[in-house]
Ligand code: NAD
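Given next, in structure tokens, is a single chain: the form predicted on its own.
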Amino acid sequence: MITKEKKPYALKQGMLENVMRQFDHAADHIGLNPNIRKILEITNNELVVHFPVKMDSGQVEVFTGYRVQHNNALGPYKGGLRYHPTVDIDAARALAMWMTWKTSLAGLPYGGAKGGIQLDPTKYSDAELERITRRFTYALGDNIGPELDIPAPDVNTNPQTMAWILDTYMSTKAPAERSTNLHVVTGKPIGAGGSQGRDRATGYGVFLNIKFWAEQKKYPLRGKSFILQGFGNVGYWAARFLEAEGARMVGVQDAYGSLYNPLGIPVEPLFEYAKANRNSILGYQEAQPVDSGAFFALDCDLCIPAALGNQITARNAADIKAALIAEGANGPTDVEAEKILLHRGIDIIPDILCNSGGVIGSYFEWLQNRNGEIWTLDEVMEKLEKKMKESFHRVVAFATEKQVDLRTAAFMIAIQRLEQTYLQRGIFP
């Protein structure tokens, strides 16, 4: 058992309220059909499962898992599974709704879902996490499937988690059907049917959005400083690509604490240090520890929240010094904070656009599995950049045309696509 103490990010109240206010604001702007509004403001299905797992000690623990399926008008439900103490039904509802808007905005044939298990994975061994994951998969049963609901990695889950889910799910199928279920999850290891580039897709998408924004603003990234909350998969890759572009990371925060160095914190050495230090950045000698409560007030040009929801609030929004906030996490900025930031002239690239590289990469993996194809890394990255560029410029053009902020524009585009689908198909019966 791993017993290292940590302070998890506080998930402030109101994430569901936050996404509903964002939805209502955009729906009002487009004059959304009131009947379709009723459909989109609720979830289709909500699954809560309680399941026992034997620990290494021989004791049995009962875990609670969630899967919320918000909407599938555009295609199978799609969304991550996270392992975190803050996972509950309201968090899953909010995140599932964001996934619906994200997949719609990206023009993918997917709906939105989200879920996970309420636990702190640092308190369990790898063997225990494997048993927990496999038992959760079995409990979900046929509520997931390659043409129904396709999970993916999220906070504290990774390709290994997906491989366990895949193996467990396939083992419940008849032998002749198993190979046809390879695309039940995405974000798998390469050897288990994963796609080249899926590991970096979300972080690369965050970087691309910052790059497109900088090009549009004629704001060269070389020499610019950025702070990063969350040094997991998304944050690491976003930072790595920004550093390669000539920007420097001056501040970084993870669940254990925060570091600052105005001269820059090298990304790769910090990553190697964290890997050797049980995924903690604390103690890294090339930067000074700083108060985590004052992290967002650090001097920087760009700010990337890539951890959990509701991290930028009315309490800290006035302290932010960045010219841009690029949302690598889902729902990191609450509604009241956004009003303050926009009033101060700070641009925000919204989550459903900024971090959509992950679900686009997942779509590419799903397509390859479905069609029996294997794409090269260059092919994946080229397709991803093309798709992200189309989305970014569509949102910017729409925001300019309608005189709204980028988040409102992104939501309006996403909701209008769903509205058109319902109007064309009708409602059964």
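This one's a predicted model, so the numbers in the text were calculated from it and none came from an experiment. One-based numbering along the sequence shown.
Separately, the form predicted together with this ligand exists; it is not shown, and the next lines address it.
Considering this ligand in the model of the complex, find the one stretch among 225-233, 172-180, 243-251, 210-218 with heavy atoms no farther than 4.5 Å from it. Checking each option against the 4.5 Å cut-off leaves 225-233.
V155, A306 and G328 - do all three of these have some heavy atom no more than 4.5 Å from this ligand in the model of the complex? Judged in the model of the complex, V155, A306 and G328 all sit within 4.5 Å of this ligand.
Would K188 count as touching this ligand in the model of the complex under a 4.5 Å heavy atom rule? The answer is no: K188 has no heavy atom within 4.5 Å of this ligand.
With a 4.5 Å heavy atom cut-off, would you call A255 a contact of this ligand in the model of the complex? Yes, A255 sits close enough to this ligand in the model of the complex that at least one of its heavy atoms falls within 4.5 Å.
According to a 4.5 angstroms non-hydrogen atom cut-off, is K78 in contact with this ligand in the model of the complex? Contact with this ligand, no.
Would S195 show up as a contact with this ligand in the model of the complex if we use heavy atoms at 4.5 Å? Taking the distances in the model of the complex, the answer for S195 is no, it never comes within 4.5 Å of this ligand.
Given that this ligand is left out here, which of T103, N355, T333, T137 has a heavy atom within 4.5 Å of it in the model of the complex? Looking at the other structure, the residue within range turns out to be N355.
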